[in-house]
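Alright, two takes on the same chain below, each alone as structure tokens: structure 1 and structure 2.
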Structure 1
Amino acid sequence: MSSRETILEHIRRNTSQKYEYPAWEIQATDYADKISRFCDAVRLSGGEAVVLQETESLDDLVRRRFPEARHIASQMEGLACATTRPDELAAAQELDHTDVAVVEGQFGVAENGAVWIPQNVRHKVLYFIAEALVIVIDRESVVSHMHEAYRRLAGQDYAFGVFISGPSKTADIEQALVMGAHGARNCLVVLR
């Protein structure tokens, strides 16, 4: 008997009482002002969220916020400050030394400041390798909580996807919180 069969056979033999699927819904908290709650939550996670003003373009914003950045990688349209088109690179490793990555997210989650990004670039390392990560989402896209978030994922086709909430962090040395363990040290969410 294969291990697969052995395991399944043990499971069947040892399972006695069966429990029902809990189909009841959680009465989850909805936020009246999702955008401000989202911005607060991003701040709490160590990142920052800003609403893009009419007077400023995304390109201006990135230049203004990261005046010293030399390597800006983005696949987004109309971002003149981008120095690298990541999809044109053959190897993920070539994205090392990226100062700023500007990527598009699909929606934000108000309760915890997370943004869902289904892989929309060739090398997913782009979301993790840059010193600073800028995620752009539509301000109307913010949902209240993770229940709504996962309902939105139903039927979505992605090879990889990630909820990102703030910068990479660790507290593994004496519980002192440090940003930038392996991924981005800064995380800026732009609501356009």
Structure 2
Amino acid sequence: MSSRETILEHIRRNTSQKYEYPAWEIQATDYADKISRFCDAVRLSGGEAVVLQETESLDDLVRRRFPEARHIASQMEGLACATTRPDELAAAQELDHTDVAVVEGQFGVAENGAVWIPQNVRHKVLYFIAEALVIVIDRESVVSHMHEAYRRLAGQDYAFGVFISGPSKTADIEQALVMGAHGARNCLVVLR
């Protein structure tokens, strides 16, 4: 018998009273206006969320928001302002000095402004190396809370995925908030 089994056997022998696991229910908030709540939550996390108007193109929005950007990386089809297609690069290091990365998210979460991004590019460093991250999601894909988000992920097969909520940030022991400490300094979520 292993040490682990020996310890567990001693616990079983010396446990006189057992308690049933309590019944509980998740009390999550369902938002009537998920889009507004999501935009507010993104703003509170240090980012910005905008609803793309029908008369506006994603290209126009990216160029207007980041007029100084010289290196725009994206694998999204039809994005003419992209100067780099990340999947065509041999090494992730070639993405260094990326000004703006434009990526697709699968869905957003209204309660905290997080966006689920499964890896749909060759080099996942794209999500973290750019100075500014533009995440594009379908406005109909916003869910109310993380419980709903994890239900959506159940059964999905993905090698890598991440929830991103606003730009990178950290606060040290002195509670000095630093934006862009180890990732994007700017995060814009576009709902189309």
Partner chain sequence: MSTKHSKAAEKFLQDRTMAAWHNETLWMVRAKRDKMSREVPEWEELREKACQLKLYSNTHLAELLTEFEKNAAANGAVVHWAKDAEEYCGIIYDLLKSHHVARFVKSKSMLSEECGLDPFLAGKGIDVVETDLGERILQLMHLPPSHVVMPAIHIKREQVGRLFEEKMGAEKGNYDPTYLTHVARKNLRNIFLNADAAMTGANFAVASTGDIVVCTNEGNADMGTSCTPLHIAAFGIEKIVPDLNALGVFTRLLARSGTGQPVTSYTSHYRAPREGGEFHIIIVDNGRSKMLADPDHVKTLNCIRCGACMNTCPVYRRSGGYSYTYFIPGPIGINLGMAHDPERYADNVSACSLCLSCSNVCPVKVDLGEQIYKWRQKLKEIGKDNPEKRYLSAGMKALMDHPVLFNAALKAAPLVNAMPGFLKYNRLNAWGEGRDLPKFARESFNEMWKKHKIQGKEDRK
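Throughout, rigid core stands for the largest set of C-alpha atoms superposing within 1.5 Å between the two forms. The structure presented is a predicted model; accordingly, all values stated were derived computationally and were not measured. When a residue number appears, read it as a position in the sequence of structure 1, where counting begins at 1.
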item: Number assigned to the form predicted on its own in this pair; value: 2
item: Rigid-core frame, C-alpha of Ile11, shift of 2 angstroms or more between structure 1 and structure 2; value: yes
item: After superposing on the core, C-alpha shift for Glu25 between structure 1 and structure 2 in angstrom; value: 3.5
